[in-house]
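Before any questions on how it binds or moves, here is one chain, the form predicted alone, in C-alpha cells.
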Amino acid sequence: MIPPLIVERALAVGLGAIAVTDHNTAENVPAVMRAAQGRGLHVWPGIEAQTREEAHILCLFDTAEQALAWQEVLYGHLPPLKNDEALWGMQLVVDEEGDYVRTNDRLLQAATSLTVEEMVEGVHTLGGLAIAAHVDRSAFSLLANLGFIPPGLALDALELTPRTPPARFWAQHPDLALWPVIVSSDAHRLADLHPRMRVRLEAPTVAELKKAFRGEGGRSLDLLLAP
C-alpha cells in the first residue's frame, strides 16, 4: 500500500477520487497526494480517528494542512505509549515513491480521550467532514459500541462496508433511514480498492461532498454494487 501503487490501482479500476484515512494519523497523506499529482486522481486527505468510546470516525478535509492539524490534536489525546511492532507491525512513513522516510513509533492503534461529540466538533471546526465509520461492523463502530447514534450528533454521513447492502441496513435500522449513507472500500490491501460510489460534484471539495450526501443543488450520490 505504498503511494505509487495506490495511485496505479485506483486508476486501473476507474476511480477518479480516493480518500486516505490511516488510523489516528495523516503522516502518509501528503505522499499519496504528491504521487497522484497530474494523474487525474483526486485525493482527499483524512484520518480514521478513534474516539474515547472506541468508535471510528472518518475525518475528511480539503488540504493536507488541515489533516495534519487534526493529527496533532489526536496525538495530544492519545496515550503516551510506543508502538509494539511485534503486535501491530511497523508504522512506516514513506515518500511519494514509496521510499522509507522514518518510522512512527507512537502507539496509533489506541483510542483517543476525545468523546465522539468532541471529535465531530473538532473536525467541523477545522472545516472537515465527520462520518461514522463502518457502522455495520460488530466492533469499533458507533452502533456496535453505543448501540445508537447519539441524539443531536452532527455527523455528515454513516459509512457501510461493501459486504452490507444498504437496503438490508435500513431494514435492520429503520430509525436511521433519513441519514446519508455512503459505502467505501475500507481498503487495507490494493486488491480491496474498487469503485463503491458515484458522486456528482461541481468541484472535488468537502463542501461539495456534503451537498452530494444530502442531494442538494443538483449534487448526488449513487451507491454501486460490490464487484
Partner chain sequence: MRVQEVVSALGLHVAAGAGALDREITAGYTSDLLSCVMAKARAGNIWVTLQAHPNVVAVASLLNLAAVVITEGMAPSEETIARAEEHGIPLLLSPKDSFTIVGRLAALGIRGNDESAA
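Nothing here was measured: the structure is a model prediction, and the numbers come from that model. Numbering follows the first chain given and starts at 1.
There is also a form predicted together with the partner chain; it is not shown, and the following applies to it.
- Site annotation in the predicted bound form: the residue of 34, 52, 194, 42 reaching within 4.5 Å of the partner chain with a heavy atom is 52.
- Put simply, of 81, 93, 146, 90 only one has a heavy atom within 4.5 Å of the partner chain in the predicted bound form, and it is 146.
- Although the partner is absent here, residue 76 sits far enough away that none of its heavy atoms falls within 4.5 Å of the partner chain in the predicted bound form.
- Among residues of the shown chain, residue 129 is not one whose heavy atoms approach the partner chain to within 4.5 Å in the predicted bound form.
- Interface residue remark: residue 117 is counted as part of the site for the partner chain in the predicted bound form, having a heavy atom within 4.5 Å.
- The stretch among 98-106, 146-154, 68-76, 119-127 whose residues place heavy atoms within 4.5 Å of the partner chain in the predicted bound form is 146-154.
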